[in-house]
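This text opens with one protein chain seen in two forms, each one given by itself as structure tokens under the names structure 1 and structure 2.
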Structure 1
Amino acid sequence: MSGDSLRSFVHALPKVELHVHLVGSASVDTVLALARRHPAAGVPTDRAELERFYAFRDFDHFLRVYWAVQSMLTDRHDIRLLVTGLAAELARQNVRYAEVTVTPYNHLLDGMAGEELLSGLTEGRALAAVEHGVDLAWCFDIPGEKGVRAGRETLLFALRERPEGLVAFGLGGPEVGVGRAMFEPFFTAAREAGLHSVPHAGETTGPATVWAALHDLGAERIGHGTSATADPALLAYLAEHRIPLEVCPTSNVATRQVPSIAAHPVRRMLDHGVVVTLNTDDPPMFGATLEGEYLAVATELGLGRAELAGLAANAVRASFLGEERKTALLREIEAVAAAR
């Protein structure tokens, strides 16, 4: 398939995004608007200067940019801008649905009122559907580095407020030194309340963290799971139990978990029958797009049209959409695959 033909095919596939962080999704345009609204934050308000600041250099610089964006989110208007900016970018890539990770504890810790966060999410979600044709759902996640208190407060906020579109409960942040088991009571309560378990695991640590996410947190999907290929028994378990991995290849290269896309274990995961979905994590901050992830694995790992369509279908099946909507999207994917 030629380059243009491949790009056209990937664009035509109806896509679903399952692992994207709301703060990390902020585009240069969105950050520019936020910086001009909040000049005291010290983020560049000149586009060229901001583009230089925003260009990925290394992981430490990524964190600086991430927390700079976080510092400018003060009310519902900022959150709504973030949500609608994400929706516009998803729509440009023919992404129909996304489950977006939101970390309420960080916003509340920064002084944002809970009702402001919720209003921004609700208003932004409505605009995303009407103006961009993109359906959004939420995963409220625990910033693991902030410990048990963050777990408790995230759970209480999620169950007390339960905004429309909240479908999942997650765990993010650093993995090293942050055991999964300490968050077991919060995940148990979340699952009992009907939320799905989607913790990060195996991104910066080994397979043991993935096992802990499965056994201690009842994970229904694994965020990243990059290191799972180091354990054949884990690969077999994931394949047998059809537990999807939310794989973010460009992010894994940027954070130096893998040296290159060509060295990424996506192909090995697929060869072992694991349900792989492609995602972007913190897309503009890593220079990623969802279409770009599909193109990268196609060109670097030799995936063909049928395999790309299979990845798109995996994401639909792994999502928490209703069965009717899943069926409709799967039929669209089949039609695109058959027509090209």
Structure 2
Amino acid sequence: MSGDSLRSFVHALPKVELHVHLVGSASVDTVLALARRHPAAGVPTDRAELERFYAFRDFDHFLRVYWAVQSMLTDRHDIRLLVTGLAAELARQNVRYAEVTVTPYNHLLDGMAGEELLSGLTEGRALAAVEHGVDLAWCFDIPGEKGVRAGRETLLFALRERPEGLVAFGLGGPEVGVGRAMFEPFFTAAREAGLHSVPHAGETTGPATVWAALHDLGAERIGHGTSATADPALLAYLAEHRIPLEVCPTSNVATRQVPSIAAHPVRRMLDHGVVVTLNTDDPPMFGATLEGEYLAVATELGLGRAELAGLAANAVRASFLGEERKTALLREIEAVAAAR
């Protein structure tokens, strides 16, 4: 397949994104504009400098940069701008639906009022549907580094406010020194209230963290799960129980968890029958796009058209969309795969 025909095939697949952080989806132009309004944040106002700012030495360095960008968001207008910007970018790539991770506790700590955050999300989500034809759902996640207090506050905020489109409860931030088990009561309560459990695990630590996410947090999907390939019993468990991994190859290279896409364990995950989905995590920060992730695994890991269509279908099945919508999207994917 030529590069052009591969690109048009990937574009034609109706796609679903399951792992993208709202703050990390801020476009370069938006971040530059915010940086000019908030010089104290230390975020560059110049494009070339911002590119250098986004060259991460390691995962902790990435998080510090991410928090600097987050600190510049102050009100509903900022949040709405991010949501509609993300929706426009998703529409450009023929992404029909996304589950977007939002970290309310961090915004509240940074001084944003809860109602500003909620208004921005709700207004942005309505505009995303009407103006861009993209449906968005929310995952509220705990910033793990802030401990059980963040767990409790995130749970209370999620259950008290329960905005339209809130479908999942997550856990992000660093994994090193932040055990999953301490968040068990908050995940149990969130699941009892009908939210799905989608913690990060195995991104920056080993397979024990993925086991903990499964056993302690009732994970229905795993954010990243990169290190699962170090444990054959875990791969077998994930495959048998059809627990999807939200794999983010470019992110893992950018935060230096994996040396290159070619060395990414996604091929091994697939060979063991694990349900793999492709995602971008924090796209402009990593120079990633969802189409780019599909193209990268095709060219660097040798995945063919049928496998790419399979990955797109996995994301639909692993999503928290209703059955009717899933069936319609799966039919569309089949038609695209059959037509080429």
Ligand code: ADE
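When a residue number appears, read it as a position in the sequence of structure 1, where counting begins at 1. Given the structure is predicted, the values throughout are model-derived calculations rather than measurements. C-alpha atoms forming the largest set that superposes within 1.5 Å between two forms make up the rigid core.
Asks: Only one is the form predicted alone; which?
Replies: It is the first structure that is the form predicted alone.
Asks: Which of these, Ala306, Pro44, Glu153, Val28, is right at the hinge when one rigid part of the chain swings relative to another between the two structures?
Replies: Where the rigid parts turn against each other between the two structures, we find Val28.
Asks: Work out from C-alpha fits how many degrees the smaller rigid part twists against the larger between the two structures, would you?
Replies: Smaller part versus larger part, rotated 16 degrees.
Asks: What is the magnitude, in angstrom, of the C-alpha shift at Ala40 between the two structures when the rigid core serves as the superposition reference?
Replies: Displacement of the alpha carbon, after core fit: 6.0 Å.
Asks: Could you state, for a rigid core superposition, the Cα shift of Phe62 between the two structures in Å?
Replies: It moves 3.9 Å at the C-alpha.
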